[in-house]
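Given as structure tokens, the chain that follows is alone and in the form predicted alone.
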Amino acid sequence: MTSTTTSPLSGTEPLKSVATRTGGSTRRRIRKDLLRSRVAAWSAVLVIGAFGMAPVYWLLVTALSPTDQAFQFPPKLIPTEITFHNFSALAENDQLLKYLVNSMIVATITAVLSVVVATYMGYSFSKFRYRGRRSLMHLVLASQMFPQALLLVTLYTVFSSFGLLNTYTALVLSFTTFTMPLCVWMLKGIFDTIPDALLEAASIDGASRWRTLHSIVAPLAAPGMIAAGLFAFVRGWNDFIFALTLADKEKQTLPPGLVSTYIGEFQTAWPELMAASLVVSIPVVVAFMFLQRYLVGGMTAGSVKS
């Protein structure tokens, strides 16, 4: 004898049919919720992206506009006339090329020096236990909280005493003072994720501590080291106040160089300044494009400890 299962609601409809209809409506509701979430997420991305790219777009529009249109009111979002004169004028300015070379030299050496020092300090803080380690770690972190004006006065006095003003050395050392603390903590977090058993195995195989750091730990921490180097490079590339105070025109970098070139007492050459700003930002953009996978990996590698 066969028995028919009926719905408790209708009393005649099979339960399987009710479950199928209920499951279908649940899936449709889930799909609608997912669609709404995606639309909301993409809308948020587009709004934030438009907000972030608006200054870049206005930079490009002003750089491509003739001088009379750049000061037109109300301003036009789409220029009616385009000129490349502001870009061609950059190549004819030898002083700007000198500022560019100075920025490349100073920012590159700052990045390398910050990564080298931060690697040894971060490795020491992460893998060794000695008296005063935690106090030294907190001191390094606290140095990041000092006002830059206070650091600037102190560094100016010290560099003046040693005759280092108006040199690349003064700029590199001053940039390193505010890039190194974050690099140290970034790399310490990455070294914490490397198992101590790996270091013990290397020690059993006869590797010295230097060999372990250089041949085993450093390759594993390479993404973090590249991220730290990129961070230090950008900080050194964008610094204005230290480069303006500690160096003369022969050793100044691009940020103060652009200001002294295009901003005068009574007039500012905005189209030329925007064109120069657009060009000098290209090296940083290209560096981010090629190293972004290392940057993301390096920034998140120390966030979770296994």
Partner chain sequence: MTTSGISRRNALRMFGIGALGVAGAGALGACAPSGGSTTSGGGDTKSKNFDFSSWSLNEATAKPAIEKIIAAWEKAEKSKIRTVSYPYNEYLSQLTLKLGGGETTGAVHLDMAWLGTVAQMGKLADLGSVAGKGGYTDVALNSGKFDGTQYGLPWNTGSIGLIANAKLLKKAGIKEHPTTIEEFEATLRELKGLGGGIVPYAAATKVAQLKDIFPWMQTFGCTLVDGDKVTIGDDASIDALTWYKKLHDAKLIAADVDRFDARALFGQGKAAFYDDAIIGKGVTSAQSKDKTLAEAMQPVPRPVLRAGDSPRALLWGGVIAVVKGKGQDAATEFALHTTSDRATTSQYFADLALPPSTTAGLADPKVAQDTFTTEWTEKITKTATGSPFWRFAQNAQIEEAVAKQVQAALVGKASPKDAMKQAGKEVADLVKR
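These numbers were taken from a predicted model, which means no experiment stands behind them. Positions refer to the first chain, counted from 1.
The following text describes the form predicted together with the partner chain, which does not appear among the structures shown.
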Practice problem: Report the residue, out of Leu173, Leu100, Leu151, Ala202, that has at least one non-hydrogen atom within 4.5 angstroms of the partner chain in the predicted complex. | Solution: Leu173
Quiz item: Quick one: of Ile30, Ala54, Ile241, Ala40, which gets a non-hydrogen atom within 4.5 angstroms of the partner chain in the predicted complex?
Solution: Ile241
Self-check item: Stretch in contact, per heavy atom within 4.5 angstroms of the partner chain in the predicted complex, of 220-228, 83-91, 100-108, 190-198
Solution: 190-198
Quiz prompt | Distance check, Val115 to the partner chain in the predicted complex, heavy atom within 4.5 Å | solution = no
Quiz item: Is Phe178 a contact residue for the partner chain in the predicted complex, using a 4.5 Å heavy atom cut-off?
Solution: no
Quiz prompt | 4.5 Å heavy atom contact, Leu141 and the partner chain in the predicted complex | solution = no
Self-check item: Val259 within 4.5 Å of the partner chain in the predicted complex, heavy atoms
Solution: yes
Practice problem: May I ask you to list the residues of 121-158 that have any heavy atom within 4.5 angstroms of the partner chain in the predicted complex, in sequence order? | Solution: Met121, Tyr123, Ser124, Phe125, Ser126, Lys127, Phe128, Arg129, Tyr130, Arg131, Arg133, Leu136, Val153, Tyr156
